[in-house]
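Form predicted on its own, single chain, as structure tokens, below.
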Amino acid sequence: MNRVWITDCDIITPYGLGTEACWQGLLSGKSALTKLERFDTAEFKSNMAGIIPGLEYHQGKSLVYQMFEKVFEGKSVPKDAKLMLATLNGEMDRIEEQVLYGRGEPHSGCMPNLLNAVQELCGIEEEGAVISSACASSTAALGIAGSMIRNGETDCVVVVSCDPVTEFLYSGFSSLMALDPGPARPFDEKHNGLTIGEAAGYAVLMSEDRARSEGCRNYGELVGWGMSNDANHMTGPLRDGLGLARSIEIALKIAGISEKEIDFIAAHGTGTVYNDLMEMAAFHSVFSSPRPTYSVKGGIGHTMGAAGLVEAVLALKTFDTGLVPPSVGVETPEPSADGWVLKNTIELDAEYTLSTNAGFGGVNSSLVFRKGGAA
């Protein structure tokens, strides 16, 4: 059975380019959520978003392609890797541009086109695959990649993920009354909805044997993954959290560890009442005692299909730094989160972490990571 190493990774978020920029932003406790000026929000429930500075909207290149250009500049990934593109909406702004202004081809924003563009940008020779599983897309992609490597189907997978803030996406969540009029406050007693953000990033997963032979760094080991589906509602989660709990239990079983060995939790934590209460119910169901828990979405917003990859990359920083970041925006945790969710940065010598995500259609996905270099 092959062990799965994360040998390279990076992200771009509303805090700026690079994992370190996002990490320092979270540790500062300051939110990167700001007033949205990309399009008119007068008719929407909110005017807040997590926007990456310097991107051009409806000006030819899509938002996500611009993000990928920035995050891959000066980077090199294995050319023989399998490629997975995880996204909810992909180049939706290109579709908007065609519909609103008649520019471009009708199918220019289709996901296979973006997959081909990313493949060319990275120089990867193998044909890739698109994983689109709502807001658990990149979590699912990482789990699938880990399974492929562990089972010997391949020795290297590059997972790339992205989602932009577009008028289409914003109007959809506004119509669902899911947006917080102000910045999102995941797990806070005053949580009142999510704030949409945008991000892109990548992670290179390798078998231990290949990674050692090529002298690659081990940022962390992906040891467990699990998925489930509530089959509850098109947009609402199963409120008792048992669907998410099931995915966590599967991930722990594959990792070969008990819940007692998880040192901290990188939660989905969108800021909606339904999600936050469901997620805490799942944690209470699985864990016999609280674990330090945080959400990054008060800092960068909900980055949709990219959320899981961003959160996984940031969770690996705890292994490096011995720090667990706060949940930006939390002042008083709601009752079920009290004793779990962090308001301030803490020091922690961690060996295992759990990362969770959930999405529309009842999908739940969980990952377990082990500190790099562990025997």
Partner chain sequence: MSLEIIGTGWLSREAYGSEKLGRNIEYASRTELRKLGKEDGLFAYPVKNFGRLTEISQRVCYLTALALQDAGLEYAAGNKLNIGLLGTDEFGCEQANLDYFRDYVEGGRSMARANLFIYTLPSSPLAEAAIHFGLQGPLLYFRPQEQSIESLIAAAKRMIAEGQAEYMLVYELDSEIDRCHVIGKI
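Keep in mind the model is a prediction, meaning the values are calculated, not measured. Residue numbers count along the first chain shown, from 1.
The form predicted together with the partner chain is left out here; the points below concern that form.
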| Which of 287-295, 214-222, 168-176, 256-264 lines the interface with the partner chain in the predicted complex (heavy atom within 4.5 Å) | 168-176
| request: Kindly confirm or deny that 115, 134 and 231 each have some heavy atom within 4.5 angstroms of the partner chain in the predicted complex. | output: yes
| Which of 81, 277, 144, 252 has a heavy atom within 4.5 Å of the partner chain in the predicted complex? | 144
| 73, 127, 189, 209 - the one with a heavy atom within 4.5 Å of the partner chain in the predicted complex | 127
| Is the gap between residue 89 and the partner chain in the predicted complex 4.5 Å or less for some heavy atom pair? | yes
| query | Looking at the partner-bound form in the predicted complex, is residue 159 within 4.5 Å of the partner chain by any heavy atom? | reply | no
| query | Would residue 282 sit within 4.5 Å of the partner chain in the predicted complex, counting heavy atoms only? | reply | no
| request: Determine whether any heavy atom of residue 226 comes within 4.5 Å of a heavy atom of the partner chain in the predicted complex, and answer yes or no. | output: yes
| Is any part of 107-124 within 4.5 angstroms of the partner chain in the predicted complex by a non-hydrogen atom, and which residues would that be? | 107, 110, 111, 112, 115, 116, 119
